[in-house]
Each structure stands twice: as structure tokens, then as C-alpha cells.
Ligand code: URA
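Just the one chain here, the form predicted on its own, laid out as C-alpha cells.
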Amino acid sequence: MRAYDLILKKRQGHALSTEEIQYLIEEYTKGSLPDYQMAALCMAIYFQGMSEAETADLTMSMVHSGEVLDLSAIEGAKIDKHSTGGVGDTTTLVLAPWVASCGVPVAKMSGRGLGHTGGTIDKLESIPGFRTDLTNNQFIQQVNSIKAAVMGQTAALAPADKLLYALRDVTATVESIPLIASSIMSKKIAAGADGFVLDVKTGRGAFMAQLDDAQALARTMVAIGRNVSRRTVALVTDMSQPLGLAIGNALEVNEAVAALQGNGPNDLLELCLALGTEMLLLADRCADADEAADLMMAKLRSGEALERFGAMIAAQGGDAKVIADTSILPQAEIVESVTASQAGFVIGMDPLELGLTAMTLGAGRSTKESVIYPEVGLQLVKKVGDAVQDGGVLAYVHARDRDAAAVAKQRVNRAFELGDKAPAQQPHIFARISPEDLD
């Protein structure tokens, strides 16, 4: 085989075979295929697309480019949840212990944040003592013991994806649904789960800003799951405003504790309940959605979900007292309010601007070398549809110094759009896509 011939074949709109895709990924991972040829292939895929079978083959070729985690020693079906990223996305912190308390093992590998979306690992590491650098054996033993563990991703998983993503980032080929879907699914499959519940965000604060694009990505990832025999369901969810009220690492841990106490923001609890219901169904824990939702709510009301979070924190070296006393979390030196300049209603928010503001405060990374400050971020008081008084508090800025707080306050104020009439409510979940919906 010659890479030139395969690039030409794809450029002309023909489908590549399983063997041809494997050859290209193997040669590129080894360093035998130069960047300029792989860049040309990515551009051909960008314009010509890929069939369902091609996308599945690309995914599995990337899976087998490195280590594939063997989770067979974990008892029961391992169902992973993946979010495409957003602002204030605290779902993993709430879902992992909540689903585990229902008897379904949650073996979760997560990453650090880069850009305006926060990373689950950064959030958990704001808990004093919490460690995510588990060995594979420690990870498996913890899941078997308490049903829940979250560890950092290893570079050995799907190394071809890392190489391809870096190339796509500088060749204007990021926005290709087959390439995005195979990138996400290759890492998840390599992490060893039996099935996946995908939370595909759409809106201003999401990677996929347009609903049609988000639905297309969700359908493509569900199709990959079907083609490689992994149970997969996707929910397309709202990111036209932040999820919940907290943006920032320690602030989001505080919000996760509140949610597991049953006191969290309604949108966060609603989404976690929906995602958890799907996880229980994929694991065959319950016969139908009503039974699954009832079981989850029973575990929340009994306190078992919160207790499981404490057990997970303790098992990973953290201070489990945080589930009863969140004041042990890092606290910002400066907390200042952002107030409304008029009475009315919040008719819109810019989640991207809010996420970027939190990042510049130190809650996220602009580069991989950026230092994270767990105590900083934003605490929202109002969301879209809420009434506000002239001078009423819209949000609080948690900062390390007053200069940073002053800049952040101006940006937060601009991110809120106020009007005289409350807007129509829009759903938190736009669509559910299962394999049956693809036919």
C-alpha cells in the first residue's frame, strides 16, 4: 500500500477499507507516515466525510495504537459517562457516587481542563489530599470495593488520537464529525468500559454550538458504539448557559456535595438523574427508566449517594469530612458581588465568556503549563428566566486579588443580558439517541 494512493482514493470520495485505515494509523503512529500526508488525508476526510463503517474502523485503529485497559476483573457491567465539555459541568462528581450507590460500578478515567471547560481531575484534586494517580490494579480494586473510582488518563491510551488531534488543530480540520467522534470514542473504548452514556452539549458554551451539529455528532458516536459492540446512548443537552451555579474547581466540589445532599441546582440534578438512569439501564440494573429513576432518587434521599462520595474521597487519599463541611475546601481571599444595573429578568447569558473569565482568574488553563488555583471562580446567583432587582446580585467573583476581581466583575456583568420580559423556558435535554434511532 502507498499513502499517496489512499489519500487520492479518499479525496475522490471513495471509502477506505479496514486494512487501509489500519495501515495509515499504524504507519503514522510509528512515525513512518509524515505529517504532511496525514494532514492531506484529514483534509480529504473533512470534505468527503466517512461512512459508518469507516468511522468505526478509524476508531478501533486508534484504540489499538496503544494500551487497552482490561477491566474484566471488575464485577458487573462497566458503564462510562462522557461529556463533550461545557461550563460548570459538575456531572461526573455527582454521577459517579450516585450511580455507584445503586450497585453499578463506575470506573472513570478523566482528564484535566484546557480552555474554558473545566477538568474533572482538577476539580477532585481541589479536595485536600485527593489523588488521581492510581495504578491500574489500585483502580480496579477500588471499583470492586466501593463501586467507584476516578483516575487520570494515561498517555498510553490511544496515542494515535493525541498525534492526530495535534495535527488537526493546526491544519483547520478539527470540525469534522467523523474525526471528532472517532477521537472521543477511541479514548473511551481504550479505557475498557462495556458501554457509554454520552452527554453531547450544544449552545454557546459547547464545542458544538449548533443543535444540528450536536445531534449529528451524537448519532455518529452511537453508530460507532453499535459497530464495535459497545452499548451506547447519547443525550443532547443544553449549554446555552452554564450548568448549575458554580464555575471553578473547589466551588464545583461544593456544588456537587450540595447536589448529593439533595440541595443542588435543579438543572444539574435533572441532568444527572437522566444520565444516571441511562447508565443503570445499560448495565441492566433496572427493567425500565421509571424503576431506574426511582432507585436513584431513593439513594439520594437516604444519603447513600453522599456517603459513597465520601467513601470514594477517602479511598483516594482525600479528606472525606468535606461531605459534611465544605469549608475545608480552598477559599478565595477576595469575594466580590456583581450587581444588576436595572430591574427585570435575565433573558440570556454568555457561558463562553463566563468560562473564559473563570479561566483567567486561574480556574482553568490557557496552556498546558498554566497553574490552577482551585479556590477561584464564579458563583452564579441568577440564571436565565430569573427576576432581578436594580442593584440585585447576579453573581459572586472569587479571586486571588482585587485587580483580578475588578476585571472579572466587568466581564461577568457583560455576560448577563437583562430585559423586561421573562423568556420562554427551553428544555435541558433536547434529544435522546439510541442505536434504535439510527435505522
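Note that residue numbering follows the sequence shown and begins at 1. For clarity, every value in this text was computed on a predicted model and none was experimentally measured.
The same protein also has a form predicted in complex with the named molecule, omitted here; what follows describes it.
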Answer key: of 269, 77, 184, 286, within 4.5 Å of the named molecule in the predicted complex (heavy atoms) is 184
Report the residue, out of 180, 340, 274, 71, that has at least one non-hydrogen atom within 4.5 angstroms of the named molecule in the predicted complex. 180
Heavy atoms within 4.5 Å of the named molecule in the predicted complex: which stretch in 172 to 180, 241 to 249, 353 to 361, 297 to 305 meets that? 172 to 180
Even though the named molecule is not shown here, does residue 168 get within 4.5 Å of it in the predicted complex, heavy atoms only? yes
Using heavy atoms and a 4.5 Å limit, would one call residue 345 a contact residue for the named molecule in the predicted complex? no
Contacts with the named molecule in the predicted complex, stretch 207 to 241 (heavy atom within 4.5 Å): 207
